[in-house]
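Only one chain is included here, represented as structure tokens and corresponding to the form predicted alone.
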């Protein structure tokens, strides 16, 4: 009983001791005010058997980071929602332009990372040039880098192509054969156009027809393109109008020389004189270049494949020797002793 009495008395002495400790802490902190909630939390811990110095530390960082995390998550969700809305608008616009659901899915899958508005802007420029949905899909699948072009670049190139007369649907064939017409350098296109106008003396309308009918000339070396025209005009006697109508410039120089020179040596083709006359009727250009080799030999040359094969080997050797002589003639002579 005596021991129990001492414990009770000791328990009663805890309260004044606690307030005494708080007072000393308050004095030591320079008289700073404490909130009621803070004091009550201290008293509760002391009454439970803990000391004032044993209170667990508060971790406010956890509660500071949570709002930031929620803000980032909200922004991410809003961005996804905004992209979904833009994608839906683009799909609707493409359908209004005449693209089918299949076309739309193909276009959206060409470059998955392309922004929907960027995709719509590029396609809109192609449609404004007179292209139908099918050629647009084909062109973009052949040349997906078109979707990465800046819209302003696309607009400037479209404007230049219109000046060349390649709008209003004429661009379809060009894009099928040369989709890089939008990505190649402007000066390269201007160089080819300059050769056709200034070196070969084609009219503006004829240049447009050549680019439309033979877009592969855009890949030609300017010097080789000029030589090809000169060969047609001076060696074969083909006039400007016929060069355009027969699509002569789309054929390789090797094929043209092989068939033309073969006919010459057989006596079946002659270069026209200044009056445009020949002693033998020359075959039509379409019967020389537009037909297969078998048809050319059977109907135009009236010769065998074996004979033509031997001739091609001899011609190739002659070309090599001629190039060698030209190289030797162009090299500076060695100085004598």
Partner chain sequence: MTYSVQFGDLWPSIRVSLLSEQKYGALVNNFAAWDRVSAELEQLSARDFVNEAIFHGEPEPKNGQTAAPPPASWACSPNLRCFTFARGDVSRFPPARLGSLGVMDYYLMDAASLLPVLALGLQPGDTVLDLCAAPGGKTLALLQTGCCRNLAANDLSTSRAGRLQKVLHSYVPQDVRDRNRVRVTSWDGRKWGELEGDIYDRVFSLVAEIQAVWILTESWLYHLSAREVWVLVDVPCTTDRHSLHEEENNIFKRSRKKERQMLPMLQMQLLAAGLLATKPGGHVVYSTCSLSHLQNEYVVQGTIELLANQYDIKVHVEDLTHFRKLFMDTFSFFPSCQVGELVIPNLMANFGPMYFCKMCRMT
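Positions refer to the first chain, counted from 1. Remember, predicted model here, so these are calculated numbers, not experimental data.
In what follows, reference is made to the form predicted together with its partner chain, a form of this protein that is not presented.
Visitor: I need the one stretch from 110-118, 240-248, 262-270, 179-187 whose residues put non-hydrogen atoms within 4.5 angstroms of its partner chain in the model of the complex.
Guide: Going by heavy atoms within 4.5 Å, the stretch is 262-270.
Visitor: Even though its partner chain is not shown here, does it sit in the model of the complex so that 307, 314 and 321 each have a heavy atom within 4.5 Å?
Guide: Checked in the model of the complex: all three residues contact its partner chain.
Visitor: So in the model of the complex, does any heavy atom of residue 279 sit within 4.5 Å of its partner chain?
Guide: Although its partner chain is absent here, residue 279 would touch it in the model of the complex, with heavy atoms inside 4.5 Å.
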